[in-house]
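Quick heads-up: it's one chain on its own, the form predicted on its own, in structure tokens.
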Amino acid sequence: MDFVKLFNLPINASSHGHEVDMIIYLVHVLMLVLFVGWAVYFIVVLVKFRKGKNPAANYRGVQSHITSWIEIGVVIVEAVLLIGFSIPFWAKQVNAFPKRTDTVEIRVIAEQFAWNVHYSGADGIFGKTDIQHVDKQSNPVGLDPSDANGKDDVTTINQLHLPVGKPAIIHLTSKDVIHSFSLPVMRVKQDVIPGISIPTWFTPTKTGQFEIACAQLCGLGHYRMKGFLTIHSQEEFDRWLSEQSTAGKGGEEGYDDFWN
């Protein structure tokens, strides 16, 4: 059975996505059982305790403890889902945080209502940033123009490019309010908090272009805070990054489409 189609989930394009999907399946099965169980119970109660069958009040009430055992069973199942699946998966993701030598690191700075993406360029070193250098159109991440490490850095708006098969560490922060960085096909969703840099990671397994969404209501323009994730082969990604650095585009890709 194809659970992705059954539950109408996005395609899974990350190495850890199947584990997230399994938890989703199990939670839905539990909710289905509870829904059907409570519906049947409601109908039985309506029929069994209707006025025509019980003209006089019964002050003894129901003596059976079946419902108590059912409640205990539900608690046990929920505990198994939490302790047996969710917590181990979370611990695995935390403990398996990849070594930075084997990854591609990107900074994503959220703002109302866009995703500013900062790449370190060919040297692999992020240039210094400072709020005094921030310009919404020409320098959205506040790159220090005097820092040599930032000369080959690349910035884009709403455009995140990554290579397939290589762990990606995304450092998330916000300029203004709380946002939520959501990549449904990667099974990634992380709140973005002003003043805090929060890392999240995943390994893409499929090439293509996918959607970046904001999953936290962040203002009147929340509906248009949409970006695009493009997964390349390693060769295509290296070529794209080299072209951006060589062309000295830093901050230009995607800006005309967004601000104009």
Partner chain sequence: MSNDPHNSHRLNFWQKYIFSTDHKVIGIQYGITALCFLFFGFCLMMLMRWQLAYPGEPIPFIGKFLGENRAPGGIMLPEFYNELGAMHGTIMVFLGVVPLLVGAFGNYIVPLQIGAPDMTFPRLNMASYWAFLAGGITMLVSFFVPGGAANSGWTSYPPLADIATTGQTLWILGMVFLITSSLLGAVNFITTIFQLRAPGLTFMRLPVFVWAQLVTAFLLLLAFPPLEAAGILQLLDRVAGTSFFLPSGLMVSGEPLEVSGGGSVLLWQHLFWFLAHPEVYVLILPAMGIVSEILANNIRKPLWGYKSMVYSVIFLGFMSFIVWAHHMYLTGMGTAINAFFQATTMIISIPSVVILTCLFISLWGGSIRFNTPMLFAVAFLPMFGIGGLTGLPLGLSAPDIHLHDTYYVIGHFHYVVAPGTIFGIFAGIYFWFPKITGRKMNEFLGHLHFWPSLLFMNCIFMPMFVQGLAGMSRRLYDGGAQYAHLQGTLNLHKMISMSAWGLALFQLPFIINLIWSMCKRNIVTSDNPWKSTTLEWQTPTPPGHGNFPVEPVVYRGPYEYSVPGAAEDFTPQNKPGG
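Residue numbers count along the first chain shown, from 1. Rigid core (definition): largest C-alpha set, two forms, superposition within 1.5 Å. Worth saying up front: this structure is predicted, and the values here are computed from it rather than measured.
One more form of this protein should be noted, the form predicted together with its partner chain, which is absent from this view; the next part is about it.
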Handout entry: Complete contact of 31, 87 and 187 with its partner chain in the model of the complex (any heavy atom, 4.5 Å)
Key = yes
Practice task
Consider residue 103 of the chain shown here, and say whether it contacts its partner chain in the model of the complex, taking contact as heavy atoms within 4.5 Å.
Solution key: no
Problem - Exercise: residue 194 in contact with its partner chain in the model of the complex, heavy atom 4.5 Å - result: yes
Practice task
Answer for residue 208 alone: is it within 4.5 Å of its partner chain in the model of the complex, judged on heavy atom distances?
Solution key: no
Exercise for the section: Indicate whether residue 35 is a 4.5 Å heavy atom neighbour of its partner chain in the model of the complex. Expected result: yes
Exercise for the section: Mind telling me which stretch in 150-158, 121-129, 78-86, 163-171 gets its heavy atoms within 4.5 Å of its partner chain in the model of the complex? Expected result: 78-86
Exercise for the section: Counting only non-hydrogen atoms and a 4.5 Å cut-off, give the residues of 109-128 close to its partner chain in the model of the complex. Expected result: 112
Exercise for the section: Classify residue 218 as shifted (yes) or not shifted (no) between this form and the one not shown, where shifted means its C-alpha moves by 2 Å or more with the rigid core superposed. Expected result: no
Handout entry: Rigid-core frame, C-alpha of residue 78, shift of 2 angstroms or more between this form and the one not shown
Key = yes
Practice task
Would you tell me if residue 87 moves between this form and the one not shown by 2 Å or more at its C-alpha, with the rigid core held superposed?
Solution key: no
